[in-house]
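We've got the same protein chain twice here, in two forms, each standing alone as structure tokens: structure 1 and structure 2.
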Structure 1
Amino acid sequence: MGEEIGFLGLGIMGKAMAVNLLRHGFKLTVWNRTLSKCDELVEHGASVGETPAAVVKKCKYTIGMLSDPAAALSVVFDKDGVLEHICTGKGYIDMSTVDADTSSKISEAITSKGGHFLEAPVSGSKKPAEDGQLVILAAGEKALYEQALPAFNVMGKKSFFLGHVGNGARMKLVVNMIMGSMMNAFSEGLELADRSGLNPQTLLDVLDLAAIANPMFKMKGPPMLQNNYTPAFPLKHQQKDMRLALALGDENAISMPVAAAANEAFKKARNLGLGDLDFSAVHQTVKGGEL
């Protein structure tokens, strides 16, 4: 598949995306803060870079998939970071979910060294990442977008180019805000059905045939009824996205009482120690009590 692609960050999402690229014949050099996480990728044919800088030096363009704004910034700006070897002709694609300000900071730093930058956060969690069914929300340098399309087409079912840097981040936050609000409404409904003497499984069957049927209810409902919250999208990251979306609402003076209430529920869940479980564990705040 031609040049080697760099890949930084092998968490739940990054690992699934990188494995998918390797399976489709792409050559990858990978890096992760805990380097031992690279071992499984090496079995699939990846090379390992000792530092983000080393990966960028070797590759025509490099993808980052980090957990939050702090991690996304540190991979770029810290010692041995992306900036040390980014230069004219090299590209950096940040697929992490961050706020528009973070994206802009990274973009300015990369372009000031002559590099190309694209933000490309994704909609979808672990299973869509494994299956190459993500939705990619890209913005920034159009030429880098075109260059990365073959990889995007393997990782995702659809890519959008949304214009200037910041728009990808904003679109992702809006999507995740709606998702987080829906998850809270869903949790309340499951518990209300249960406590008022209905079978929650029957509720799932009815919802699946109704106008509000959706893949999230279908996929998350059955495990939620079993109190199974194996993380596909960790709750602490969902709460981070709610917080960032509410900040975007502040900037635009938009009243968002539903999102604000959802954010409070996710905070409560974090307080109960559920932050590393799936975001559907917010269900426990309605049920009351520990797992």
Structure 2
Amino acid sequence: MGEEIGFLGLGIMGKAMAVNLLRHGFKLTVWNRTLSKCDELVEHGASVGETPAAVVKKCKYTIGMLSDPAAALSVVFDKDGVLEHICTGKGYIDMSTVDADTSSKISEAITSKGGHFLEAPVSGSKKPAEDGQLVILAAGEKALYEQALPAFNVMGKKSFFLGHVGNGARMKLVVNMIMGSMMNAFSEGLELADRSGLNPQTLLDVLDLAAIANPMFKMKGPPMLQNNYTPAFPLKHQQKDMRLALALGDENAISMPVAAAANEAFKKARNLGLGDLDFSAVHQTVKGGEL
């Protein structure tokens, strides 16, 4: 753990991950667009870099955890960005959740300068980030993956190396597609129980003892029965992932009728104005659409 790691982006997720690394003895040089956000990290022992370029210059490899594709592109391509000092022997690991196109664009720019690149989107939110319980879906340069493994082992309960760039994004799409279809299946079941004279709360109890018991049903079921869809994963983002997964299937001539039906239900939910609620709000399309 001797060498310094760069860390760009100290939002909710980035801060939790960086603090966790510092606690485990890693040396970090951090940067954030609003530099004051670095203060708390400094208390935990971090150094601060003035710009992404400065961080990259100082560190063997640098991790980025930005909020969206635009921010992920900006720290790389803008003035004083990653590209200015990336070079042979240095690595850049983008852990933001971005689409395959954005990831490819960054990858090409980094590698054309001789740098190593890894995309490594994560599964898990704030709490798992704080607890080092993320799941890390890495793809790109294998050597960089191995170099970063000690850090991944601290941030995540498990990390996967998935091959060439784009596979991290693709794996997330597949998982989210299954999740979206399951949420529809669950919603249909809740409504069928309710309207058939069964107690839907009892259905939740029975499901929790069945071979299909899973944390999502356990966590989302009770608020859904209250028509409570406080957004954790917004429905419009879930629908976007269904669309992209279906498009990925289309490229490969795979017919996925259940995912397609689920996608249309999510569109219906958008049509009813539920796009900003949690994706569990697709439940309302089975109920009749009246909140």
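In this text, rigid core is short for the largest set of C-alphas that superpose within 1.5 Å between two forms. Predicted model only: the values in this text are computed from it and were never measured. Here, a residue number simply tells you its place in the sequence of structure 1, counted from 1.
Structure 2 derives from the form predicted together with another copy of the chain, whereas structure 1 comes from the other one. Once the rigid core is overlaid between structures 1 and 2, Val48 does not reach a Cα shift of 2 Å, moving by less than that.
Core-superposed comparison between structures 1 and 2: CA of Leu272 displaced by 2 Å or more.
Between the two rigid parts, the smaller one rotates 22° against the larger between structures 1 and 2, as C-alpha superposition shows. Once the core is aligned between structures 1 and 2, the alpha carbon position of Glu191 differs by 10.3 Å; this is the C-alpha shift at that site.
Superposing the two forms on their core, we find that the Cα atom of Pro215 is displaced by 3.2 Å between structures 1 and 2.
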